[in-house]
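What follows is one chain in structure tokens, specifically the form predicted on its own.
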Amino acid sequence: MPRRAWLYVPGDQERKIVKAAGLDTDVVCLDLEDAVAPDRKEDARALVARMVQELDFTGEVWVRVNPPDSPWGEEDITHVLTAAPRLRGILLPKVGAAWVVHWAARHLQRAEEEHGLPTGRLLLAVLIETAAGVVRLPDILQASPRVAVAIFGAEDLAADIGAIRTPEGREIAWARSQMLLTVKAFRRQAIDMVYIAYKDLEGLEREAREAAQMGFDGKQVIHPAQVPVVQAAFTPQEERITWARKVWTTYQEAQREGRGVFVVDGKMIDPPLIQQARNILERAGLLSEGEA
């Protein structure tokens, strides 16, 4: 499932939630954590549960709950999962250890049983925004098969390690790359950091294209205007799709004929290029993940 733009919407603002439901965005993530003040948490969780059940969202619906060791985390996940049949998953913030995933997975399993949903229908995303999260990421990703997505939180990470954020991002470059490599090693989706200058769409486009070239699957966004820019950046260009189609078709023919090596446009095609073609077609939504 492509998750190019991961749009956060404050969970206590009904007007913005209604607007987001109709947007052409892969993911709408209703936020109960950073976007909601402490005295609004209870109202927000009730509103989110109601909106998920009442609205028809164009893309997937996820909810970011508060951490389990906060005053609100337990009530958040319990209340929100009353709308489990309409949810795709729960986003866990500031995940620094595997026990957080275990905690959430128990809640999701109970919700599936109560609503008669298939086991594993509800997914988890983990927000990696602390030093502990980066170094413990292998354990976190393996804590449950429900963990489908890992998201890089640059701003909180910089604060956690005492770094000063710069436009160039050198202070978080290693952690960003390390997180990406680890996530890909465990065959999960990786979502890149927020571009906080939400009116600077040119800067956003540059950073989003860089992230796509690095291998990220999508990017977090905080304003509807960022959505089309990001989704375009993570959608392969037509010439790349044409090349990938040709490689994939020729590869399938070679497989049927028992040929291990073949040529496309005068160039020898080897396994890495076949994988690149597969990646392009999957990202364009033209090939299911794992399709042979």
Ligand code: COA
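One rule holds for the numbers: they count along the sequence shown, beginning at 1. Please read all numbers here as calculations on a predicted model, not as lab measurements.
If you look for the form predicted in complex with this ligand, you will not find it shown, but the lines that follow are about it.
Trainee: Evaluate A105 for contact with this ligand in the predicted complex, applying a 4.5 angstroms cut-off between non-hydrogen atoms, and reply yes or no.
Mentor: Looking in the predicted complex, residue contacts with this ligand do not include A105, since no heavy atom lies within 4.5 Å.
Trainee: Is R259 close enough to touch this ligand in the predicted complex, meaning at least one heavy atom pair within 4.5 Å?
Mentor: R259: no, not in contact with this ligand in the predicted complex.
Trainee: Is D26 near this ligand? Define near as a heavy atom within 4.5 Å, in the predicted complex.
Mentor: No, D26 stays farther than 4.5 Å from this ligand in the predicted complex.
Trainee: Indicate whether this ligand has at least one heavy atom within 4.5 Å of a heavy atom of A35 in the predicted complex.
Mentor: Residue-level check for A35: yes, a contact with this ligand.
Trainee: Though this ligand is not shown, can you say which of A98, A132, L117, I222 has a heavy atom within 4.5 Å of it in the predicted complex?
Mentor: Only one listed residue qualifies here, and that residue is I222.
Trainee: Among 223-231, 55-63, 262-270, 41-49, which stretch sits within 4.5 Å of this ligand in the predicted complex, heavy atoms only?
Mentor: It is 223-231 that comes within 4.5 Å of the partner.
Trainee: Is it true that D192, R206 and G218 each have at least one non-hydrogen atom within 4.5 Å of this ligand in the predicted complex?
Mentor: Contact check failed for every one of D192, R206 and G218.
Trainee: Quick one: which residues from 10-38 get a non-hydrogen atom within 4.5 Å of this ligand in the predicted complex?
Mentor: Contacting residues: P10, R15, K16, K19, A20, D31, A35.
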